[in-house]
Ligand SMILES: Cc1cc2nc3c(=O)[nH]c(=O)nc-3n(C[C@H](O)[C@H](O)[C@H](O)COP(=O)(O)OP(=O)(O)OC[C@H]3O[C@@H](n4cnc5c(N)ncnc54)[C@H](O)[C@@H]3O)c2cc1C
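Next up: a single chain in structure tokens, the form predicted alone.
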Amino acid sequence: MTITEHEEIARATFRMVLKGQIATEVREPGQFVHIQVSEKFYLRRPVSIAEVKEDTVTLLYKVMGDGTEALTKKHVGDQVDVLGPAGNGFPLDVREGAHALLVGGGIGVPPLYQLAKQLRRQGVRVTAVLGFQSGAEAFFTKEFTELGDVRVATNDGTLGHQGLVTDVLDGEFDTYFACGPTGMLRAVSEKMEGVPGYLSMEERMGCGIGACLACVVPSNDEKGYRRICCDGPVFNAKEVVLS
């Protein structure tokens, strides 16, 4: 795929737009792509798809190590080797007029943006709760505001509510969708007990196709586990065990 846009949009967080056939193959919000940063890095980096427009996909990634740091050096016009779209995303069988809660923590926010756009097109009311370490690391707050009610929580209080996303989950909701660290997902699912929900899990991946079992999570059935890369990354909240 070809890079058409690439910019830093918050502290250590970058937005990259890629043009290519993969954009036309995205089935559901919440899927991801696997990017080969360079020949120097053996493993690809999984990055969630934040938005799809005709023949482009928008990716948001945070610098977490040498691989993502190297990705920041890519320029507009560069070609990147991309596998995808991969994984299973968020289900869209939400009735018109329903009220959906979307909860994202840090780099768990991006896949919820495409979800919010598609839910709004279906006539679903959307409330987004976005959590960040600080205001300097916040992004897409304006974009979510254009789609519905937005509540922001930051650890240091430099933007929105000082505290956790679970502090601002008040309201009546018909369903919820969440993406972020496991601790956050566990807290959200406990707070939303009794409400149908779906969780998108973050985990380090190896092969990205389910062979290496590096990204397994315990499940509540006889199999005993799910592979985040291919069974997920999105799961019914009752399907997985959040240890």
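Keep in mind the model is a prediction, meaning the values are calculated, not measured. Don't overthink the numbering: it's just position in the shown sequence, from 1.
Heads up, the form predicted in complex with the ligand isn't pictured, but that's what we're talking about next.
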Exactly one of Ala153, Ile107, Leu169, Val94 has a non-hydrogen atom within 4.5 Å of the ligand in the predicted complex; which residue is it? Ile107
Listed residue that, although the ligand is not shown, lies within 4.5 Å of it in the predicted complex (heavy atoms), from Glu54, Glu190, Glu39, Asp66: Asp66
May I ask you to state whether Leu60 is within 4.5 Å of the ligand in the predicted complex, using heavy atom distances? yes
Just checking whether Pro46 would be counted as a contact of the ligand in the predicted complex - the rule being heavy atoms within 4.5 angstroms. yes
4.5 Å heavy atom contact, Phe32 to the ligand in the predicted complex: yes
Using 4.5 Å between non-hydrogen atoms, is Arg204 touching the ligand in the predicted complex? yes
Using a 4.5 Å heavy atom cut-off, which of 94-102, 143-151, 107-115, 128-136 contacts the ligand in the predicted complex? 107-115
Pull the contact list for 7-27: residues with a heavy atom within 4.5 Å of the ligand in the predicted complex, in sequence order. none
